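A single chain comes next, written as structure tokens; it is the form predicted on its own.
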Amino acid sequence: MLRGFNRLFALPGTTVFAHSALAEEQGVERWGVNMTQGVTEVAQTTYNLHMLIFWICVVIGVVVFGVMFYSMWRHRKSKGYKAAQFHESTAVELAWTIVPTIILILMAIPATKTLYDIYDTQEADLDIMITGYQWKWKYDYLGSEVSFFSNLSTPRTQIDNQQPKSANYLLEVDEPLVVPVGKKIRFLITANDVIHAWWVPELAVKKDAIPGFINESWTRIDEPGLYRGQCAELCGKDHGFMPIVVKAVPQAEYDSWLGERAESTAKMKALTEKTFTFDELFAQGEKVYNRACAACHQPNGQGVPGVFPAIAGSKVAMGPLDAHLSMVIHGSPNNPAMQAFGPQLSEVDLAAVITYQRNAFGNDMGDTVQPIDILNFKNKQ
């Protein structure tokens, strides 16, 4: 069942949570500015702490401003009152020091317990490495060979306003993060290029993904469902295009999925030795290009002048094959925006996308790159 997710609207100085997907399903528009209550124990505890502190602040505000306004009204000049003249009051100074201190201590007790729970990542049942890339997420299930990238799947036609926006516009991916319910899951969060932030409000998980540093967080989801989030750290031109989808499923379904992914990974490795036809490589290369390259080089291969070079007529795509392989696999030493896709794509996808780039957009080089060519090139380095 799809749980409610609060669509995020970024306003200056604040974030407004509004328009839940659950309300959409019920045909009701719900707007608000409060925190989401979440679906995990930690999320609910955090929400309860937030509300407790909020009402304490409300009571303090009502009392302080109530006394202040009453005093100004009751002792106004028009009634003949004159301001008292005194230098100091030990009793008053003790009162406004001791009372706030007691209040802060009482607030710190539940806050400390909640913080301890949030940061207690020990004794996890499952470890998942999360790596932020411009502009996608990579998930590695530690202890297995399952590893994949999760990319935005919203059609380009919706982004370009050629079609109506879907209910989960910019919040849908091709590969969700699949986890079992009822298990403690530890997230090890880092980044490959710039600072990102992995944020899923309903799980109460929000951690910066920093290159060269690993942050830890955890969750335990009790109900199956889809939980959506976004990158929460400005990370470049497509920052708003790297959503997160977590799919929580029963243990049996998770075990079946994990087995299928492991089998798929093994099959992909075996495909490295297969010889593909040009049409097979070109068709697969187009899919890989649109998923991994089009954000910068544009779907038509024309690039962004002065920022991202065009593939159409490119000296790299129409130049020596080894130079093209090196650029795609190792990245550009002179342009950090050109990432190294060797660790990101399989040999099959690398061969396909290079074949596509050398023959699409009018380049027509006639080259066919096989997965074994990619593997041999890597082994020479």
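Bear in mind the structure is a predicted one, so any value in this text is a computation, not a measurement. Each residue number is its position in the shown sequence, starting from 1.
The same protein also exists as the form predicted together with ligand HEC; that form is not shown, yet it is the one meant from here on.
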item: Heavy atom within 4.5 Å of ligand HEC in the predicted bound form - the one residue of V245, C296, V146, I185 that qualifies; value: C296
item: Proximity of V307 to ligand HEC in the predicted bound form, heavy atoms at 4.5 Å; value: yes
item: Ligand HEC contact at V179 in the predicted bound form, heavy atom, 4.5 Å; value: no
item: Close approach of A351 to ligand HEC in the predicted bound form, 4.5 Å, heavy atom; value: no
item: Contact flag, W135 vs ligand HEC in the predicted bound form, heavy atom cut 4.5 Å; value: yes
item: Interface stretch in the predicted bound form with ligand HEC - options 70-78, 273-281, 258-266, 307-315, non-hydrogen atom within 4.5 Å; value: 307-315
item: Sequence-ordered list of residues in 328-343 near ligand HEC in the predicted bound form, where near means a heavy atom within 4.5 Å; value: V328, S332, N334, N335, A337, M338, Q339, F341
